[in-house]
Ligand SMILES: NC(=O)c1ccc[n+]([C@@H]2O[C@H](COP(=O)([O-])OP(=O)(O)OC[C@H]3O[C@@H](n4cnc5c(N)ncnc54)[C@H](O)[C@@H]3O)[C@@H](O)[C@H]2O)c1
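Presented as structure tokens, the chain that follows is alone, the form predicted alone.
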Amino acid sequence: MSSPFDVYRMEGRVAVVTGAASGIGAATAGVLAAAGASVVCADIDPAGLATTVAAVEAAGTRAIAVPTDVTRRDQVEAMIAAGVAEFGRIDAVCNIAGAMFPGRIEDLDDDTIDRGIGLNLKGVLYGTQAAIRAMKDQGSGAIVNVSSGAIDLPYAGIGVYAFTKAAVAMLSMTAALEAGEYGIRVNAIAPGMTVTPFTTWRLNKPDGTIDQDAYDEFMEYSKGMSPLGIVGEAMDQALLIHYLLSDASKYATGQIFRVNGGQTWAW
């Protein structure tokens, strides 16, 4: 009898990861490579992409870097096309790229609103559309979109982030309903507080170095949000994404999965 853990292996499969230069994206690329997948690494940060590609190759699988601005439909379509051209197929797409766009609702200007929707919502929509089109003829595939714990609990000052991530959740559920006939699964994750450059950039001093006092205060606050008294790491989310892309989750689609330390009910 084969091992029950064989369903987590991804040899012969090709995964596309946006936001791959750092944080959850970089961790996801590494986990998928360790599971045997070839990885198309996409981001707007060439240096970060090079580091992630090197890590994937060090894990013994193949990778390509595709500089991609996910707010541009043409670049997202080119990203998927590059993966097909290099590896012959696409089996998994992780739409991870996103940003915070802070500001109170009453103060949001059109530029902030448009940039937030462009990156956090349109970028995921474009990736989902391109993924479905690339996978439908083969009759299989899996898509994971990144939503946020902010869809469950409002926080002052991050309205654009929260409402775009809420839209990502519904986008994912609707896409799952529509793409199921092609054998394609679509799920979303809604991470809780996760320590990555995405969450810690605001704690930097003007010279770019970390403000240690502000960092320590932020960490204590974040720990206090969870009944476990801990803060998440990028790997916590990457391991969930791996599950959702592997055959271990073959009966999971149209769902919002939460690894958040209990933050959204602890209060």
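From 1 onward, residues are counted along the sequence shown. No experiment lies behind these values; they were computed from the predicted model shown.
Here the subject shifts to the form predicted in complex with this ligand, a form of this protein not shown in this document.
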item: Stretch from 103 to 111, 136 to 144, 174 to 182, 161 to 169 whose residues place a heavy atom within 4.5 Å of this ligand in the predicted bound form; value: 161 to 169
item: Check all three, Gly127, Gln129 and Asn187, heavy atom within 4.5 Å of this ligand in the predicted bound form; value: no
item: Close approach of Thr51 to this ligand in the predicted bound form, 4.5 Å, heavy atom; value: no
item: Contact label in the predicted bound form: Gly83 to this ligand, heavy atom within 4.5 Å; value: no
item: Asp69 within 4.5 Å of this ligand in the predicted bound form, heavy atoms; value: yes
item: Close approach of Leu121 to this ligand in the predicted bound form, 4.5 Å, heavy atom; value: no
item: Met235, Ala34, Ile44, Ala214 - the one with a heavy atom within 4.5 Å of this ligand in the predicted bound form; value: Ile44
item: Residues in 73 to 90 close to this ligand in the predicted bound form, defined by a heavy atom within 4.5 Å, in order; value: none
